[in-house]
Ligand code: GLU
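The chain below stands alone and is given in structure tokens; this is the form predicted on its own.
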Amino acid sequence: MNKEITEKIITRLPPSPTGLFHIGTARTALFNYLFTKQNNGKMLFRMEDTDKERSKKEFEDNITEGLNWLGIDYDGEITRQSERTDIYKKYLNKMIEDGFVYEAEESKEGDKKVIRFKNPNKEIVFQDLIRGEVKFDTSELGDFVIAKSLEEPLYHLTVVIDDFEGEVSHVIRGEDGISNTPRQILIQEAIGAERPVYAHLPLILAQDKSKMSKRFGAVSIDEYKNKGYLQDAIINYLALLGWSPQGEEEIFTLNELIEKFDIKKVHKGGAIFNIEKLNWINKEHIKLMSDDDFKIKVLEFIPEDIKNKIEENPELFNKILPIIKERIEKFEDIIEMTKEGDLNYYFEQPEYELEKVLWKDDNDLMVLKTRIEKSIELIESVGEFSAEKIKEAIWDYASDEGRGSVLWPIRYALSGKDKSPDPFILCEVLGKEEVIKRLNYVIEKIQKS
């Protein structure tokens, strides 16, 4: 008989330490966590490490570190199946005694024996919080193996015993675990365990609806962290993989998700992993960062040569930060900006070919010189040196001469780049003295030519 959600909620997070902590495991952990927290329950954490050859301490550490980074905590100590062999052995002996399991030859040669569950060949029906009523004919399963020996229990047995002893009320896991449920229910009935409530989450799919691969998002949480995705953004995006909130709002903190999440509103169909959507969510969370937090994070990704320049001119760096915030979707983008030289020109006079300062079809360097000189005169007249006031000073002249013919040369002289912030923002960031110096540099180049 299923437990009602009104009773004490106990869930579990049971990763296998056979690989790095990845998106699929993180999403399952989050949904368990949200459901548990909003019901004032407990979430147990156990390592399903019965696969001794593939289970490694480094993977266990990676999983726990990933959970900590995401802010997903659990109750009590970590339990490890590898340390519970005696408990499983006790249940196996009792099941042999009660006639539910038997020792059988694994191969025709008869050189190795396993312990098989005696299948009653009946229909199993259970209610899934997401999928509704689910039916299985267990006769198709045959007598299935639950242990290699008394000392070597297998997954279906260990998971049922652990859930029973942990008083787990709700099993929330991926859809790929649904086919395991009939075997586990049969074992529950054999050991006298109460059946938990099941909720099977939709699979996470690549954009072409194929199974996730390393090429399409199925990488470790570490990789997203190292690329400069924020913890809040990853949590936010994972929550939307298979669940839709009411209304139009899509940007949530972890606490807001605890309040709004509804396991019964989780979709049945596969959840498409969309890196563009993740990038958009990450950018929205970057916008929400305080200036101090943003600055600290930027400095994690700034190369050493730029850091040295920042130390020499910290005020200039503070002026650049809003431009960086506007430009990036994830903090790794800063590395690309520096490779492209999109930060260097703030700290030093850029070098460029004189012809590139000319706007499109303009080709008269003496006319360019006149326009630069007039621009300098107008810029010198600006009192409060803000982008708005600089624009007011230059705009009418630029409109008369042709905006591109006036504004492009200013922009290019200041940045040496085809793409950069608009000339008024560049002027404000660099300051009046530096702007006039760089515009005079164009005049010097014209005179030398």
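None of the values given here were measured: they were computed from a predicted structure. Quick note: we count residues from 1 along the sequence shown, nothing fancier.
The next section is about a form of this same protein that is not shown, the form predicted together with the named molecule.
Within 4.5 Å of any heavy atom of the named molecule in the predicted complex lies no heavy atom of His22. Using a 4.5 angstroms limit between non-hydrogen atoms, His285 is distant from the named molecule in the predicted complex. Taking the partner from elsewhere, Phe331 is found to have every heavy atom lying beyond 4.5 Å of the named molecule in the predicted complex. Remark: Tyr155 counts among the residues lining the named molecule in the predicted complex, judged by a heavy atom distance of 4.5 Å or less.
In plain terms, the part of the chain that comes close to the named molecule in the predicted complex, with a heavy atom within 4.5 Å, is 155-163 out of 299-307, 87-95, 185-193, 155-163. Contacts between 33-59 and the named molecule, taken as any heavy atom within 4.5 Å in the predicted complex, involve only Glu48.
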